[in-house]
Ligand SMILES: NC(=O)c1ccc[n+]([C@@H]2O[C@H](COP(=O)([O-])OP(=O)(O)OC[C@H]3O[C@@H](n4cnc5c(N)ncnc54)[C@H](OP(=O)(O)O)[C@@H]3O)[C@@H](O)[C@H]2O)c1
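Take a look at this single chain in structure tokens; it is the form predicted alone.
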């Protein structure tokens, strides 16, 4: 099984990579711009399962639009199919709507929606085909329709809502490609990103607990559902 995870240097992405590293015969491509975080991930994954391997890829998805080959050429020639793609990388800026400048808005929408869309687009030669691939987009309860909303997170929530809608659209448009698209709208998990949005708030779930859910979902849910946006939350936020 070949898995690619973006935003793998900390939090949920880090723990999800650890989840897959424990499985038999799994090859994990872990993407992040944070070299130190990926180094720590590789260190913790070493020895978990001798039949599996983690490939840390230090890469800034901000560069992907201009030069997608800079990432694709780093995949080994032995990789012809990606079984699971988890678009986990995200950015959060907690700032009032009227005070958020254009550069910040563009950064939120690029990282949280445009980059996953571009990654899917350029990875299509590796997705689907003879066997099914499962693309899991990680959204937020902030972008889930009719959920509780919070001041300062308007653009963040809107960008995550866009990713959720993209999931539904791709599921229909690419339904004959053997690529299954689903989206998880995550609630509160104890991560650095949550601390940035809600200082002092203690979430009911640890990153490792949510990662276990995401990992199992990515491995199995494509057999039961497609094009779905699933809320995964114990509390608000």
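Residue numbers count along the first chain shown, from 1. If you're wondering where the values come from, they're calculated on a predicted model, not measured in any experiment.
Below: the form predicted together with this ligand, not depicted.
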Check your understanding: So in the model of the complex, does any heavy atom of residue 134 sit within 4.5 Å of this ligand?
Key -> no
Review point. Should residue 208 be counted as a contact of this ligand in the model of the complex, where contact means heavy atoms within 4.5 Å?
Key: no
Point to revise | residue 188: touches this ligand in the model of the complex, heavy atom cutoff 4.5 angstroms | key: yes
Check your understanding: Does the 4.5 Å heavy atom contact test between residue 3 and this ligand in the model of the complex come out positive?
Key -> no
Practice item. Considering this ligand in the model of the complex, find the one stretch among 77 to 85, 134 to 142, 94 to 102, 117 to 125 with heavy atoms no farther than 4.5 Å from it. Key: 134 to 142
Check your understanding: Looking at 40, 53, 34, 177, which is the one with a non-hydrogen atom within 4.5 Å of this ligand in the model of the complex?
Key -> 34
Point to revise | Single option in 69, 173, 192, 66 placed near this ligand in the model of the complex, where near means a heavy atom within 4.5 Å | key: 192
Review point. Does any residue in 35 to 62 get within 4.5 Å of this ligand in the model of the complex, counting heavy atoms only, and if so which ones?
Key: 59, 60, 61, 62
